[in-house]
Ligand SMILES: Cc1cc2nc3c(=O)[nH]c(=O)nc-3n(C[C@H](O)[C@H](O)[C@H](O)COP(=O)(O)O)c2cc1C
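Take a look at this single chain in structure tokens; it is the form predicted alone.
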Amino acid sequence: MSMISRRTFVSSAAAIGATAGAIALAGCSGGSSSGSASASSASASASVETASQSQSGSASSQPATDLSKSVVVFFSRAGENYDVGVIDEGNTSIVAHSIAGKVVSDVFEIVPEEEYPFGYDDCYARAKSEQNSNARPAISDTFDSFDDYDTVYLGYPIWHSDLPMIMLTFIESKDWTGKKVMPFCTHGDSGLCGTDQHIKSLCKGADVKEGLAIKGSDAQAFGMDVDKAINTWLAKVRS
């Protein structure tokens, strides 16, 4: 099975939130971590589009001045994944789009310039090599409008008990001063693995809120328990 082509996008969750499909996952404990680079199932715009723009003509649309302040930024990977098999959309991607739909937020997917391998073992090896060498994998889009947002929902899989190194590439390229950051992750059976604290140390000047951890296999099923967990978390971090 070949990897679905992917592209970086910033787009309204209202336009694409309903397209979320299957999952990808990497565990925190040694040996259970996998790589995760997302294959988005939806074709999306490469430019920033607010939810109000995509819902033009809708009486329920909120002003763009409100909606444009929030963005869901995530990294995810499809292909062969730990505990869930071969999938078409990463589990972090699915959780990200669910969150974006609930908060009516824009979405930006972190896509690597060099696609991660389709196979689990190959991706696992590359992710470990990047971690050991303290690498900063290149990202295909710089997201120049990042400064326009004051609230960032930041999503990622757990790889080798930590953030994927490509997340450090993104985080270190941005000014986080004055922003609210809401971390969320997908994992094998590990929880956040302290990544929320790692993000707090990296996002200088930001107000980093409590993190959310969703098991990848649960995200794949996307049952009522996952939906409830997201709603409960949002109620806390948005209060």
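All residue numbers are counted from 1 along the displayed sequence. In this text the structure is predicted, and so the values were computed from the model without any measurement.
Not pictured, yet referred to below: the form predicted together with this ligand.
Relative to this ligand in the predicted complex, residues Arg77, Cys123 and Gly188 are all within 4.5 Å by at least one heavy atom. Looking at 86-94, 145-153, 165-173, 105-113, the stretch with residues near this ligand in the predicted complex, meaning non-hydrogen atoms within 4.5 angstroms, turns out to be 86-94.
Though the partner is left out of this view, Ala127 does reach within 4.5 Å of this ligand in the predicted complex, counting heavy atoms only. Not displayed here, this ligand is kept clear of Val72 by more than 4.5 Å at the level of heavy atoms in the predicted complex. Not displayed here, this ligand is kept clear of Ser98 by more than 4.5 Å at the level of heavy atoms in the predicted complex. Shown here without this ligand, the chain has Pro157, Ile158, Trp159, His160, Ser161 in 156-178 lying with a heavy atom within 4.5 Å of that partner in the predicted complex.
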